[in-house]
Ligand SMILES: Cc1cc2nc3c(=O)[nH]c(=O)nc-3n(C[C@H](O)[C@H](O)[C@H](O)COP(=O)(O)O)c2cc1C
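Shown here is one chain on its own, the form predicted alone, set out as structure tokens.
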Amino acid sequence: MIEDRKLEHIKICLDKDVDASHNYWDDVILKHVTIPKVDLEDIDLRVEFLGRELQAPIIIDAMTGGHPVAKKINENIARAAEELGIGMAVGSQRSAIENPNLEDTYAVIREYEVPLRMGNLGAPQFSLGYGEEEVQRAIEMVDAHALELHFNYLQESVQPEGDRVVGGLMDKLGQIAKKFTLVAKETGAGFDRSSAEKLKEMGFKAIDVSGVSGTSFSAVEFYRGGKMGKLFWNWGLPSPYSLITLRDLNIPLVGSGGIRNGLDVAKALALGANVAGIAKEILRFATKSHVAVVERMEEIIQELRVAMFLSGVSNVEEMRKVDHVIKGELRYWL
């Protein structure tokens, strides 16, 4: 059952080492500016993304739903996102599409004034019959301002019960992108230039790169019995690499995949992201309380503010133009 799988994913991410072997954000160094531009507390973190104003350039990215345990996690995140004025995306809503009794595990976020709410469906399902009806249901379920469509073909390939079909996918997505606000999202393997260009041409409004650096869903599936998961543990494109190769595509970008702190958020902005997406770093706090989420997110936001202060900028747009150095494995990629 999908419901059981959702709980398995949560437990594995909390209890097992499922991170990529290398975090490529460590290969990005921001250049220090000796004399800051403005007072630390005058740094302006506000940003507009998908027509919504956020108080900081951060989205608590898609994690879960579809299980009673996930309902409380989503509620804690939503309550914190409302308080902090940041965005939130729920995990894949497929389980609730197929079993309406699980809708409340996602719909709970409607009880909070989250400034940017994003729903979530898997792209593979659109090769298996999903269409406008399912998109509309997912959006209405969480009163979403946009819908993420996640491309998780690495996970599906190594998952024992995975969906490995792509026939008719692009035609179907092209039709849907004309009618809805869609965000294309990877799930840990990164976005290549060619795929991003196609989705932009179709009408997708943003791309969430989610590359190698953080959670490997191939690793997650390895712990669920997918034998190939170990072999493909580190498969994919590094998160920073995807940002660098897409930054001139003139489409809003979410820098995600391995973001651990405010310094990583600053690095993502410097490489071209409009906002950063954080997931696993928040999961363990979201299992405790909304207060725990708020406290950790406030730390991350203050870390971002300090990084911007020391980079000599006063706002997010300026941060996207700062000087930086690339070293190590990421340099090889470039």
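A residue's number is simply how far along the shown sequence it sits, counting from 1. Remember, it's a predicted structure, so these values are computed and weren't measured experimentally.
The same protein also has a form predicted together with this ligand, omitted here; what follows describes it.
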Students should find that, of G262, G226, G214, G236, the residue having a non-hydrogen atom no more than 4.5 angstroms from this ligand in the predicted bound form is G214
Under a 4.5 angstroms heavy atom criterion, identify the one residue in V322, L310, I10, I326 near this ligand in the predicted bound form.
I10
Counting only non-hydrogen atoms, choose the one of 179-187, 198-206, 162-170, 139-147 that falls within 4.5 Å of this ligand in the predicted bound form.
179-187
4.5 angstroms heavy atom contact with this ligand in the predicted bound form for V28:
no
Taking this ligand as it sits in the predicted bound form, is I278 in contact with it (heavy atom to heavy atom, 4.5 Å or less)?
yes
Quick check on M63: any heavy atom within 4.5 Å of this ligand in the predicted bound form?
yes
Would you please decide whether S92 lies within 4.5 angstroms of this ligand in the predicted bound form, comparing each non-hydrogen atom pair?
yes
Considering only 107-141, what residues come within 4.5 Å of this ligand in the predicted bound form, judged by heavy atoms?
N120
